[in-house]
Structure formats: C-alpha cells, structure tokens
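Okay, so we've got a single protein chain in two different forms coming up as structure tokens, structure 1 first and structure 2 after it.
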Structure 1
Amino acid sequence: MDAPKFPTFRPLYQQIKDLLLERIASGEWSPGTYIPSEAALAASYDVSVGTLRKALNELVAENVVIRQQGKGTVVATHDTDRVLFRFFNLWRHDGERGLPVSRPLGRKLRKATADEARDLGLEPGAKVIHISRVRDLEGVPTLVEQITLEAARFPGLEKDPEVLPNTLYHLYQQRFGQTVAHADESLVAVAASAQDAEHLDVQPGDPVLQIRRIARDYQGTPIERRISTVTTRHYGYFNQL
C-alpha cells in the first residue's frame, strides 16, 4: 500500500559483482584473462565463498565471464562460437545456419550524420568511421551492412587493418579494447534501394528486412551502430522467447 521504498541497502553480493565488473571494464582483467580463484577473491574482499560465487554467477548469466570446473574463470572473448552466434541470428529456413563471408564495399573517416550522432550519443558533427560491406551466406549475397563507429574509440581503423576480419567484434576487442557486451535491435520491413538491390541480387523495391542495431559496452555506452539490410529469400531472423 505504501509507495515503493527506495532500497536502503544493496546486497553484499551485488556490491561484489559491481567491483568485479569494474575491474573487467577498466581493463585490469582484459578479455581472455583468467581471474583469481573463488577462494582468493573471497579472501581479498573478506566475504564468504558463497557470496562471491553468487556475484560471479550473475556475471556468467550476463555473458561477461565463463567458468569451467577445474580450470578457472575467464573474461569472455568474442572468438568463441557461442558468443559469435549470440550476435548473429540469421538461420536458413530449413533450420541450418552458416557463417557469413564478407566482401568490403567501402571504409572512410567522416563527420557523423544527425542520426548517427544520436544513436551513438555523440556531439553533432563528431568524427566517425563508416564501413560498408556485403556478406555472403553459402555463396549467396544475403546482407548489406552499414557500420558506424566513433572515430575516437577506434583510432586508425579507417585505414589500418588493410583487410578487415570477418568477425569485427573480435577485432574491436583485441585491437581497440572495445568489448561489445550487449546490443539492442529494431527490425522493420522496407523496400530495397537501388544499391542494396544490386548487391543482394533482388529488384529495387522488393521487400527486405532492415535490422538496426546499437551495440554497447559493459556500462551500456554505445560503441557501434549497424544497419543490416537482409534479403529473406533463404534466411530468416530467428528469436527465442
């Protein structure tokens, strides 16, 4: 009946979780690093092992760390299939899935458009890097991606890796210390533009799926804006509820 009380205290395990996440986000424990054992961490924070486990298990649920019996606890990287497929939801209509092969279309450093600045939380006119590419699935052009990144976070990316790898998120993480931890996607159906139609081997005006993604780091700050235009002849966007 009362108004909801402001939480007067924060459970100890959540405080520990915040501390652990901070050490990960700060780069003290970079992706791929094995962090100290439960026992060692519990002792260092002067809490029980159970409390520390509860904190770690929440980080597991959020895909921040991976625990393996006998080995230890490692900060999640973007090179495992598990993490990879988390950000790739296109399945063939018969239920199979294949990894895409990318063909570059262009890459340049320029000023952000109004939309890009809004989505990335930047000042209007801030410098961004724009990447566009086509991705083939089993040899069939299926996807056109328009990617925008804040230039300050990815210094030199407009030129430097002469050939971009297929999985960009791994590159972001390894080369620039930028880890994509979450992403929001919004899907709409649109008519294919002339350019997209050509790349995707469809007719201009044909219906295509447009996926607008904003990828964020551990703290929720936007890192990448990605607009994918997909022909859904052979593939569909799959989601589990």
Structure 2
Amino acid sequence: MDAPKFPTFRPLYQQIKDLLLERIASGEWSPGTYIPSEAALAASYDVSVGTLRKALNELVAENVVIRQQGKGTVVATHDTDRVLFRFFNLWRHDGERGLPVSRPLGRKLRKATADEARDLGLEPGAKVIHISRVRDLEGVPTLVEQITLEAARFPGLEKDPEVLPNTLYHLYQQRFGQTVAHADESLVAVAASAQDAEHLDVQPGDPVLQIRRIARDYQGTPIERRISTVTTRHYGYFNQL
C-alpha cells in the first residue's frame, strides 16, 4: 500500500520570492534595473515588509539581485569581473587567484551528441554551438574547455562576434538575454587524452581534473554545458560552501 500523500506548505516569503523571480525571468525587470522599494512591493502583494524583505534576502544570497546602499535593489548584471570570480574556482596552491586568459581552438554549429542533448534537455539531434578553447593562467595553459549551447537560444553565435570575450556569461546576458543564475558542477579525476595533453603540456594518461558544469537560468533550465579539463600542477579547485 502506498504511503499517503500530504499537502505541502510553502512559507509565504518563498511564494513571494517565486513571484519576484518570475518578473525578473520574464524580463519585466531586466539586468541593471532597479526594482520597486520594499514598501511598494509589500503593499502590491499585500504582505508585511518583513515578509517581502525575507524573500529579497534569498534573492540577494542567490546573486539574483544586489542591494546598493542608498540607492535600492537592482537586478544583478554579469559584469565581467563579478561573474568571472563567482564561477571560476581555480586557485593557485599558495592561495593566490589568477586571471584566466582565453585562446580559441574552434567554434562550430553541429548536431548535439546524445550526452549533450541529455544535459541540455534537448531533442536528439538538435542543433548546438560547440566552442573549444584553452585558458592560460599566468601564461601557463591550465584548462581546456568544451562548451556546448543550444543554437536556438544563441542565434549566430557560431560566427559572431568574431572574437569571443574572455567571460562568456556577460555576452550571453547582454546580447542574447540569457542569464546564468546558478550552475551545478561535478568533479572527477581522469587521464589526460592525447588532445588535452597537447594543449596542457602534460603527457597522455597523466592525471587531470575534469569539471563538468551545467549552467542554468533563473528557472533552472540548462543554458550551457561546459567540460573543463584542468592540470593541477600549479592550481587546484576551491569552493567555499
């Protein structure tokens, strides 16, 4: 006999948070836009300012909005420095952080592989844009990235701009209206392939770190699949939880 199901209860502030997030995701409040004051929003939803503030606190913690002292609350933008150091988690072994510099290897429009389609929630054979690049840290090749995007979300990106920026998430947001709100990452140790070894100055079969990331929008829909192969000779992965 199946266990009985009970109705779920969601606190009011979480319901308000979802309503605010819907307005951001729909584009009503675009990145860089100041949203109405807490008092105005609380009145519009007929809730207390405390409840409204608790909803906003969660959006602040999730980097969806930013409180600016004396100005109000603004929808977060992916300015290049902010997004880089939020999503780039490699640190030198002595605790210092480096600025990655990207070198392109290739970019093309093609059909998704089965793994890519699964990770991006696409139909088999859907069109994707695939980007390969190397990222140097202090002049040393440290990562090889394989990036896959749904072509329908990023029309023309396989050719334009001719030179891709170092920080792609800023481009996604500003040009295509696609905001990476959060990402899921998994890490595993693998043996370097011949191709990875060529670009990372290691030997085929040497141990390297593979970081698999699925970047998602405000509503959890996959935007980007990124597989990064990292040599940990000088750098390691660090993430503060």
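All figures in this text were calculated on a predicted structure; none of them were measured in a lab. We call the rigid core the largest set of C-alpha positions that still match within 1.5 Å between the two forms. Residue numbering: structure 1 sequence, from 1.
Each structure shows the same chain on its own, and structure 2 is the form predicted on its own. Comparing the forms between structures 1 and 2 on their rigid core, the Cα displacement of Ser48 reaches 2 Å or more.
Relative to the superposed core, Ala39 shifts its CA atom by 2 Å or more between structures 1 and 2.
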